[in-house]
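Provided below as structure tokens are two forms of one protein chain, presented individually as structure 1 and structure 2.
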Structure 1
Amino acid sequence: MLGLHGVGYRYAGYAGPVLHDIDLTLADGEIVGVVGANESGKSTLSLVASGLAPGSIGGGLSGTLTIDGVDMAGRPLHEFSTRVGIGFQNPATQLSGVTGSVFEEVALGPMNLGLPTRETVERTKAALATLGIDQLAEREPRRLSGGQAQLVVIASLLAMRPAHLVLDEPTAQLDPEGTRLVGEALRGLAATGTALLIVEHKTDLLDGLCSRIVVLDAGRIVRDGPADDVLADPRLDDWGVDPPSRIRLGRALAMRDLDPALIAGVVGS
């Protein structure tokens, strides 16, 4: 269980806070989507939830961040890494750049934890298997496609065995094939019991994947509820969020007195 309680955050060198009074919990095994316009604070929320802000980049945090009931204030960063992993947009800058094979890349985290070699190997194999990329083990990380590289990044985080994973627009820089690869992997991850907090513009990707969705607007949570309710909320447009295709299409049909159920059979097929 990861919890933000009354959290505000201000970047170092900036006058005003970017997040205000955030209350958000991520229960074990839960999958929560975060949506909002550009500059609404989504990425900042990811950094705060994973301890990187202020842990690595500084700045001022108010309120508390708890993981499994423990107040994480002042804890060293490596303690976060086994509790909450964070992935970003660009796979290229997340790969360490110092390993010669995917296997070594995924093993880097467990190795950093000082684990015995046998366990490092075991965790690495398990993480690759969970994402279905065992066949990439011997490949050179820099020669992977964007989608494959992003899967390797997620596997590297999984090998740390965190109970929570925060992903900040994991498909933003991927082509349709890469997006499909990562989307499928996220569905598979959901089944392993890892709690996921996914920041995304692509509501089509969140639709059917998340149980809950949180909407950010100007650094505040303006909506938090079951995915189906939030995605159908007519205020999404005002918050700068594009509803999923099936919702928009359903609305267009309803406006012309057509039955939105016409599209039901096509979505998800």
Structure 2
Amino acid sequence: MLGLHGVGYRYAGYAGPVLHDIDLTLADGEIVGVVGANESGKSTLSLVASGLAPGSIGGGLSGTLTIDGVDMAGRPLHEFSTRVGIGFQNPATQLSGVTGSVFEEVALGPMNLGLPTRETVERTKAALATLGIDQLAEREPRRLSGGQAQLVVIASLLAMRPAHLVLDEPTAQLDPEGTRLVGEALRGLAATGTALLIVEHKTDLLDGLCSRIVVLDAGRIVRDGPADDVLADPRLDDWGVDPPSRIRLGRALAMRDLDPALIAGVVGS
């Protein structure tokens, strides 16, 4: 379980905090989506939940971050890395630059954990297969497209099999098919007990994937509840969040006195 209790965070050099009084708990196997307008604090929340803020970038943290019941205040960054994985929207920030193939890139994490060779190979093959990128195994990482590189980064995280995973806009550079593959992979990962915190502007991805949705506005949680309820909240527009397509279509039909149930066949097809 990953928990933030009364957490606030201020970047070094900032006059005031970016996050205010954040209370958020992720249970094992739970998928929680985070939405909000630009500059609402979503990426900062990802950094704090993973320990990179203030562990790596400095700044001031108030409140408490606990992982599996352990208060992480003052603990070295390497203790976070064995408990929480984090993925960013720009894959260039996470590719190692030292491997000659995608297979080696994905295997790098398990190798650094000191796992036996057989388990490292099994994890690497499974991660590549899950995301449907087996054919990229021998490709040099520097020859990948942006979307392919993002899938490789996510595969690298999957191979680590972290107990907790924080993803900041994981499908930003992916087409609809790549987004679908990532969604399926994350659903399968949660089924193994991994807790997932997903910052994402694509509410269609979060719809049906997340059990809960958290809405951030000006660094504060303004809504936290079941995904269906939050994604249908009419205040989403005021908070700078686009509802998923099924909600938009349903509202459009209702405005024309048509049965919103008509979208069931459209969305499901």
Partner chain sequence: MVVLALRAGVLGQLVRVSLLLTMPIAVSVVLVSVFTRAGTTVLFAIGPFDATVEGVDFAAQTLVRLFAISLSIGLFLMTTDPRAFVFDLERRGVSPRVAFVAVATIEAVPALVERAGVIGESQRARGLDTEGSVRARLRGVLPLIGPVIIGALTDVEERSLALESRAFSRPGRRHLLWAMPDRTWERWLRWALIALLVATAAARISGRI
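Under this definition, the rigid core comprises the largest set of C-alpha atoms superposing within 1.5 Å between the forms. Only a predicted model underlies this, so the values are computations on that prediction, with no experimental measurement involved. Reference numbering: structure 1, starting with residue 1.
- Remark: structure 1 matches the stated condition (the form predicted in complex with its partner chain).
- Hinge assignment between structures 1 and 2, options R161, P234, D21, G240: the residue at the boundary between rigid parts is R161.
- If you fit the larger rigid part between structures 1 and 2 on its C-alpha atoms, the smaller part is left turned by 14 degrees.
- On core superposition, P176 has its C-alpha offset by 3.4 angstrom between structures 1 and 2.
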